[in-house]
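Considered here are two forms of the same protein chain, supplied as structure tokens in two stand-alone entries, structure 1 and structure 2.
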Structure 1
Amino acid sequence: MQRHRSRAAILSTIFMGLGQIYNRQFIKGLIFIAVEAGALVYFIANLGRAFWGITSLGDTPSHLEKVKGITKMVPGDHSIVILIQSLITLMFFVLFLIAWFMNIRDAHKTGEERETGRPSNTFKQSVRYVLDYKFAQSFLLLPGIGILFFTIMPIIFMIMLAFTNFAAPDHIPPARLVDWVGFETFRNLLVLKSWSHTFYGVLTWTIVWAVLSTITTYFGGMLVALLINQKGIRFKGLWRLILIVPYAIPQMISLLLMRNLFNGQFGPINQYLGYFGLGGLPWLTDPFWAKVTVIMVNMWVGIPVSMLLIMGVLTTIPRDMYEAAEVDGATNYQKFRIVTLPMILFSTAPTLIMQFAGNINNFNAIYLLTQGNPVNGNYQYAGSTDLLVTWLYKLTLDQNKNNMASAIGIILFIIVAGFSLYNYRRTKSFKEEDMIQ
């Protein structure tokens, strides 16, 4: 009874499309045959080099060589290009294996239908079935492939760099080759004193910055939203407009403007302080005041976002909850603590976690305002206000320490993803997601 399904599956295993032809689905079978023929041509030429490239990263560096009596620089293997090309080929190979498996499963399924007496679908019927029942899956295939090559592949490439010695001055292609070094980069970052001192210092400031900037902007926005919503406040629209202005201006312009305002020598803020007989402050040149400055400026930029968010939540709180609280004799503070605050936190907890994760990676606020400065002599290529993400940027573009930057990127991802996932699963928004419909 299993004659057709077995034969079709075995034939499709030997060569894609043979099982479909055995099942009398000739056009589908020819398409599968064309796919495998094209794949064979491509993989015969590239697959061996891909495995060689991803294991060796090249074996011939650029070198001087006499060509017809003249000494010339002969280009060698470019390890990074080889790694990227190998990754692309291997990802195509994975896609081909998936197609090969689907071809076998299709042949087996059609053979099974034949054994039960049902005729095989014609090509037209197969197309009609896809359009009627598999339309979404079929049209998601193209963006899925795009995500695979333009999102997932760069991430895999970045992760792989952390396990190489791709860094200046000794391993920058094409002059030099790059080698696999395993976990040596992570060990240097976490244990080697010259790097670990910087890493733990920058990591501590990153966490402090993320916590303070999230709390100040969130509760600052909540305070402003509650004040504007109070009874008796006139010109509410005008207040909202004024407070939204910092959010409406492009952040880059705001931060660069603030950088000039807080200039310790020529900035207007210190000059105004001088008019009142007060001494100026080293806003951006002292490590402590530089950190205070970036948090204050971040509040100016971030409070409008939280204010708008919380204003929206306030409109959804039923009035009868307040009326019931008033009947029970609750004070304004009790109404806020028992009704307003829990409802706001329930609705905005996921956003709050997202803001925390975003602040850990808040490149703009730090780099446009201080560029990570002031300089810290105890750090490796990092300033006193550098976050992990700005330090990573400097290591990559300024110092060519690409392997170290990749290791930092992986650790940063683990921290952000782990913290966000853990906290989100503990919020009431996750546990009681059906509470608000």
Structure 2
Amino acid sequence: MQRHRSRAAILSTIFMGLGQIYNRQFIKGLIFIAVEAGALVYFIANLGRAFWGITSLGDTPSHLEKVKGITKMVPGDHSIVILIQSLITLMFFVLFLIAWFMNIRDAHKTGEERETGRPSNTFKQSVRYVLDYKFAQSFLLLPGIGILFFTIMPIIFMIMLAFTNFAAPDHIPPARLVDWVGFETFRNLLVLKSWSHTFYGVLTWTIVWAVLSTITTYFGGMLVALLINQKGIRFKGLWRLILIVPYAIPQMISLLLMRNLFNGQFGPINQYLGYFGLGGLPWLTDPFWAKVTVIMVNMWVGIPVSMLLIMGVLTTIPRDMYEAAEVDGATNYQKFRIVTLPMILFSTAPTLIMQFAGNINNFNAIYLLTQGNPVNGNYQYAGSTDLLVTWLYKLTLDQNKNNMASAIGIILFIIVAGFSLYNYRRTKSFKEEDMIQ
């Protein structure tokens, strides 16, 4: 009595929807047939070219050719356009395979139901079933497609670039072709003197920056929160409102503004120093002072966030813990060390790690303020305050060293993602989320 299920499954394998029609689910069957018909038209035109494109990356460069005695420029293959077109086609193909597999499974299942004598679902019932039991999946479909095309596909594309020689001056389409080169780019980055010197230099500064900027804003914010929260301080709301101002100004504006404030020649900061008879400092033009400046400005931008966060935590610490400490005769400092600090650290630890990860990638703070400058003569296309992110931005947009930029991006991503994932998998929300209720 296995006739129905295997027959339906085989029919659906041969052509999507046939099994459904065999199962007398006509509307569903027709939809599937339409899907396969559309897909066939598309794939016959594109799939072969996609496989060719992704393996060869094109084989005729643009060149001059004599056509009827006149020399003309003949456009050749544009490797990068070919790569992305192939990628899009292959992604559609994967989606199609998934749909095809689901269609077979559906036919098989419905066939099985018929064998046990149950009537197959009508179209209405099928819709009803999806809405009741496959709700989450269908809800996730729309955002999923967006993420697939605008996040995942670009990431795959960038990872692939790291294994090509897509870089100025010799391999920029359409004039030239791009080829696969395997791990050569990574080898150059990590071993070749000219690149590795810059890479390790920038990596060191990136980590120093991430540590310093996270610590300064976090403890700065804690200090401010504790100051305002002290017993006896009046106008708490007002202080908070004033200190929150830097947070409310869009970062882009405040950083461009700071760039003017710290301007060595015209900037007001040096002007004021001049009033006090002090010489101005080369805030943004000296490598050391530029680093100090970005850290300071980042404190200005970042402290309000930590302040808000920690104020939120302070309100959740039970009063009786302090009362108990007072009964034991604890001083203010002891109360802070034994009660407040551990409580704050405990509930903000995940945020702290996330801030650290975010600072590794803090493009705005550096690029808008210094653009990575001052220039460092020993570096390949990087300045003294460049982070890995801003360096890779310059390599891509200014220098066209796309393969190198992608390789740096991959390394950067592994570092940051490692941190965040480790962090997230340990949080309550992931492990025991059902406990909250």
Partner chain sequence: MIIGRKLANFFRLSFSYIILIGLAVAAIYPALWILLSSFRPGKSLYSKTLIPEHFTLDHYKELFTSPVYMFGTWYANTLKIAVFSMLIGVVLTLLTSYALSRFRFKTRKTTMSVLLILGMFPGFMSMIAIYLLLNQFNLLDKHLALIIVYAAGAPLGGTLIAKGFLDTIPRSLDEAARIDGASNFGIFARIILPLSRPMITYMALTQFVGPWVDFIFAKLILRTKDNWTVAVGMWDMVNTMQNSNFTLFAAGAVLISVPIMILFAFLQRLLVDGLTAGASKG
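So that the term is clear: the rigid core is the largest set of C-alpha atoms that superpose within 1.5 Å between two forms. Nothing here was measured: the structure is a model prediction, and the numbers come from that model. Structure 1 provides the reference sequence; residues are numbered from 1 along it.
Shown as structure 1 is the form predicted on its own, with the alternative form given as structure 2. Taking the rigid core as fixed, one finds a CA shift for L190 smaller than 2 Å between structures 1 and 2. Core-superposed comparison between structures 1 and 2: the Cα of V81 travels less than 2 Å. Taking 2 Å as the criterion, Q271 counts as shifted between structures 1 and 2: its C-alpha moves by at least this amount when the rigid core is aligned.
The Cα position of L281 changes by 2.4 Å between structures 1 and 2 once both are aligned on the rigid core.
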